[in-house]
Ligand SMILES: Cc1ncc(COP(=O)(O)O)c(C=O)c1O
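Next comes just one chain, in structure tokens: the form predicted alone.
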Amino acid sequence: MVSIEQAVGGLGNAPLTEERCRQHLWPLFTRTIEAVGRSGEIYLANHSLGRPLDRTAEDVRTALDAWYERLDRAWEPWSEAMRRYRGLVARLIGCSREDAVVHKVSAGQGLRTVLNLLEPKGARLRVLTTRGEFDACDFILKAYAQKGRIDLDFIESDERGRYHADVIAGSITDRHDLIVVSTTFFSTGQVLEGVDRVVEAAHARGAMAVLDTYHTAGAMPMDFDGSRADFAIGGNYKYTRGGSGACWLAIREDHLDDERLRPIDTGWFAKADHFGFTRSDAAHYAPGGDGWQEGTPALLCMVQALAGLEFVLGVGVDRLRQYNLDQRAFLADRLRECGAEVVDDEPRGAFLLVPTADPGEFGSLLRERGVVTDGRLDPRGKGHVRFCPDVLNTRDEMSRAAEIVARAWATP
């Protein structure tokens, strides 16, 4: 098996091209390439479930072998894998402390951790968010509001379904305790420019900010430390090819040991010397980010994400971003040449949009014809199908996909 180090070394520092990807990177993905070859499908849902490396299966097998062969001593390699996971995510998002990243099985779990630890200014926590947040965050916030746990305020999009940092910042009042906003919106791909102004405005009003970075991390460079955000949530399901259950909460460094911010979503892994099994009358948290952990961790979720994280960091987020922009521009041109309408205004994340009245039906029709993607409604209720090429897609595939999409799009 070709190693990630060998593949990245063969690339050198040159920009990615289709031929260079085929020569150096494709050997890392033989299983998924063979599977796609058998199906004949064109996979353009890389913004959804990322395609795994061959090594992903080897990593999981190694972790399971440790369990079979070492039983409880498997915690030695397992703990090292968990440390590696946290360190790799920290590098990915521009966080200087690896312990500031805490594994969660979903981004929503990270959001709930924050909701449950904050003390409100008034009778209830008051949260400000947008209508464009992903279903998980949107549903969690509405559930908390329905239970009377929070008061919830929404910011509407403009007539194009877009959000603006100055509008969000100007909507924050002294009554708000928490702002929840995406850095890249899941349904439209819009990158929120000026998110630092939102964070600054939140702090000026005595509120904290949670950034949902799920469609940013791995797709474009991040600087969590530089953003000064209090928290960020995200995961490895998409652009870092880590599968389900590999998510995280990142905590700003000066919050890690703040006694006022000790989480109540906790467990024995948050204890100081948790393997010592000592008891006291008080909950003594481990120092730093270790005190933000919960119960026995879902170790295999982290293990399955290691290869994808190493791949993205090895190739380089900047280089992957530029190649995605080149591919997306090619796909957009081909779609337009074939007669389809395309929404690809900048700045946006890793995917482009084709408008449709019924994204679910249109997506199903495309899958029947061999193009795998998905559809979403934007904040105005307008439908789009999302298309995201990656290093395993060829221009020939994208050209064939454009013809299929255009024919389906033109069908009454």
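Residue numbers run from 1 along the displayed sequence. Not measured: the values here are computed from a predicted model.
Omitted from view is the form predicted in complex with the ligand, to which the following refers.
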- Would L309 count as touching the ligand in the predicted bound form under a 4.5 Å heavy atom rule? no
- Should C247 be classed as touching the ligand in the predicted bound form when contacts are defined as heavy atoms within 4.5 Å? yes
- Just to confirm, A107 within 4.5 Å of the ligand in the predicted bound form by heavy atoms? yes
- Do F231 and the ligand share at least one heavy atom pair within 4.5 Å in the predicted bound form? no
- Note on the structure: Only one of 107-115, 71-79, 270-278, 155-163 sits within 4.5 Å of the ligand in the predicted bound form by heavy atom distance, namely 107-115
- Note on the structure: The one option of W292, Y85, F224, Y214 with any heavy atom within 4.5 Å of the ligand in the predicted bound form is Y214
- Item | One residue of A136, L261, L320, A169 in contact with the ligand, assessed in the predicted bound form (non-hydrogen atom, 4.5 angstroms) | A136
- Message: Given a 4.5 Å distance limit between heavy atoms, list every residue of 224-246 close to the ligand in the predicted bound form, or none if there are none.
- Response: K238
